[in-house]
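Listed next as structure tokens is one chain, alone, in the form predicted on its own.
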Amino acid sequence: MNIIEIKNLTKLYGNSIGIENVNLEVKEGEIFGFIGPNGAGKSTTIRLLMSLIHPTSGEAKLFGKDAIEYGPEVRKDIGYLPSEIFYYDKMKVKDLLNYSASFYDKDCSKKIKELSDIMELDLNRRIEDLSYGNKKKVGIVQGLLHEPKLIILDEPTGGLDPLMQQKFFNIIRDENKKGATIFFSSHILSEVQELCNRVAIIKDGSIIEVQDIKTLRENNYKKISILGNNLNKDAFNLNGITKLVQDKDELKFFYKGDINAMIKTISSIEMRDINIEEPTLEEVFMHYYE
């Protein structure tokens, strides 16, 4: 079952494109990454899913229901953490969380305490006295206190120190094991690599690739470095080679294509050493953007 279904979704801001003809499916139980730099269209897509803004054209469905038409109904099963968080400054954290819990027909007190303890969040402090990182902790607890079936996270780790980031990742994994589907937007590739099963790459408002993490890293590019005397750069004039750089007695490049053709080319030259490895997700990502 698809928890999220997006078909030809477009949002225009006057003559500017927020997103254009976005198509995406997220299966039940996935941790799905949504990556791209700031301004690529990640937050616009999420705001459309949350029916905070309306599309110019196309449709988005959550749990099989139109996100706009059935917005109030489907949002009961969604936990949402926006990239920017704003609260009533004079409220205490516990009052804010209890107020948020009152919108759900269940007792959330145990979950509030559990999450607050993990995130080391002081429930008795006022919002105005919190750092940006602690406000982000409030947002995390607020988004998860009702144990939602779908968790939508828009750049969730901003302001969290590395220890808190790991605690947050552990919380997300635990919620996923309990059956929650996670939609995780980020421009920090290491986060996506650590957490997600599949990933969509968005560029200039359009999806340019959807793949599982393993395939994205392993089956696309090889990172090759060759050491040798009198290396001829022109010998590597093959389709699929990019970023070919020669530095004295070393050739470096990325290769996507028939590995047999590459081995044949390499075997025709004299070399001292060769290194073939998987590129990092960040290096793969930059290839899509360049």
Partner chain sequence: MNIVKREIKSNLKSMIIWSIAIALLVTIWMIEFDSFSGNPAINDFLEEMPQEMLAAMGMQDFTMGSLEGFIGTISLYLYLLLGLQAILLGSSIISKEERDKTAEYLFVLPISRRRIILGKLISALINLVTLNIVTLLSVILSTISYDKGENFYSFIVLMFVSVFIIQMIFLSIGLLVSSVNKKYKKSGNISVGILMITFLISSLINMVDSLDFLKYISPFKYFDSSYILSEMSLEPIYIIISILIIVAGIGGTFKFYIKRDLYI
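Residue numbers count along the first chain shown, from 1. Bear in mind the structure is a predicted one, so any value in this text is a computation, not a measurement.
Omitted from view is the form predicted together with its partner chain, to which the following refers.
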So in the predicted bound form, does any heavy atom of residue 100 sit within 4.5 Å of its partner chain? yes
Is residue 142 a contact residue for its partner chain in the predicted bound form, using a 4.5 Å heavy atom cut-off? yes
May I ask you to state whether residue 94 is within 4.5 Å of its partner chain in the predicted bound form, using heavy atom distances? no
Using 4.5 Å between non-hydrogen atoms, is residue 84 touching its partner chain in the predicted bound form? yes
Okay, which stretch from 257-265, 228-236, 57-65, 44-52 lines its partner chain in the predicted bound form, with non-hydrogen atoms inside 4.5 Å? 44-52
Using heavy atoms only and a 4.5 Å cut-off, determine which of 75, 135, 203, 111 is in contact with its partner chain in the predicted bound form. 75
Contact check for 125, 168 and 183 against its partner chain in the predicted bound form, heavy atom at 4.5 Å: no
